[in-house]
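The chain that follows stands alone, in the form predicted alone, written as structure tokens.
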Amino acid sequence: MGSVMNSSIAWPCAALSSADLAPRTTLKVGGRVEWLVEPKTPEELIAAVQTARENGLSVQVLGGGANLLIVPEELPGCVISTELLNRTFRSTDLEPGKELHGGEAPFHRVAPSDIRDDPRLVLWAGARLQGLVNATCKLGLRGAELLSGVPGHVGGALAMNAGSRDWGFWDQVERVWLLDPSSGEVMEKKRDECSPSYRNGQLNGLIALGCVLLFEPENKLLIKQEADEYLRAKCAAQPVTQRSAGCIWKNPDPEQSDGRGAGKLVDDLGLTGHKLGGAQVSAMHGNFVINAGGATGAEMLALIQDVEARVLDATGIQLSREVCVWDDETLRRKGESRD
């Protein structure tokens, strides 16, 4: 590691030193991190960030690893996993200003007998997106169908505003609880205070602890049918069974690309199947790069950069990445606070 490992840190929750991150990403690519910390509650996550700060460790947050490329073989600092923060609640007591931490949390109340009286769900950052789809289908709530078949956690969906061209996760957000890792301050914000945009939740370095989602009551059977249709369409068009990080690039401005999405731009250049080491552009969809076997983070990043350069050269369009990349430059910026 780049720094001397402190094995005597008293973490407020489960922690592993020199932990392998590759199994925790959908690409199955990634190096070993100095510390991997696994809080079970938002309060433990807050305390873990505080402990990391007190020990001069940079902090990265790892959700389901579904939209992430880890490049280095060794990562300094601390990675906080939301794997154990997999909770979804119904609640009738969500007064504005109620904090997520300290005292009685705002989501341990008795739920109403009829979901139509309060069609909201409260989710911690580690809640699974597929679990959310299953819950809304069971309860008869419209709004999460487009997430059917999407891996990952709620925290990541908030950070990147997961969704489609016409719908984003933040369309369902009523409010969110955020942690400022530099100060330890926890804040509650309404949706319009965050100004989310296409593929960007505008968290600006803040860590999502949880959120309240507002849905529309609907017939349960109809919701289930629509979710199943989205899943079938996804399986038919995307390499859902292969090791990928989901879509690599955001779709460009249709006026600049003649209406072509990022995948179509790559397809039109004949780059599907293009390979570099163990990294390969999916033969099924040009906006996916898969781990065809034994790929390294460096190979993945090199292939992404190669495709971007070819698209720019052929079309004049600079593809903007949707995938989150942890490379040396990103980690160096995060680690500056340790110096």
Ligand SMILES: Cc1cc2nc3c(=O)[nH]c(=O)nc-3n(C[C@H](O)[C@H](O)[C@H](O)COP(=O)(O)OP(=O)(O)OC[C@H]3O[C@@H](n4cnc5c(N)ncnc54)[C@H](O)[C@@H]3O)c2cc1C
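The numbering used is simple: start at 1 and walk along the sequence shown. Please read all numbers here as calculations on a predicted model, not as lab measurements.
What comes next is about the form predicted in complex with this ligand, which is not displayed.
- Distance criterion of 4.5 Å from any heavy atom to this ligand in the model of the complex singles out 159 from the list 212, 159, 133, 262.
- None of 203, 115, 227, 84 but one reaches within 4.5 angstroms of this ligand in the model of the complex through a heavy atom, and that residue is 203.
- Looking at 67-75, 134-142, 181-189, 216-224, the stretch with residues near this ligand in the model of the complex, meaning non-hydrogen atoms within 4.5 angstroms, turns out to be 67-75.
- Heavy atoms of residue 62 reach within 4.5 Å of this ligand in the model of the complex, making it an interface residue.
- This ligand is not shown here, and in the model of the complex it never comes within 4.5 Å of any heavy atom of residue 122.
- Proximity of residue 234 to this ligand in the model of the complex falls within the 4.5 Å heavy atom cutoff.
- Though the partner is left out of this view, residue 194 does not reach within 4.5 Å of this ligand in the model of the complex, counting heavy atoms only.
- Contact residues in stretch 237-258 (any heavy atom within 4.5 Å of this ligand, taken in the model of the complex) are 238, 240, 244, 245, 246.
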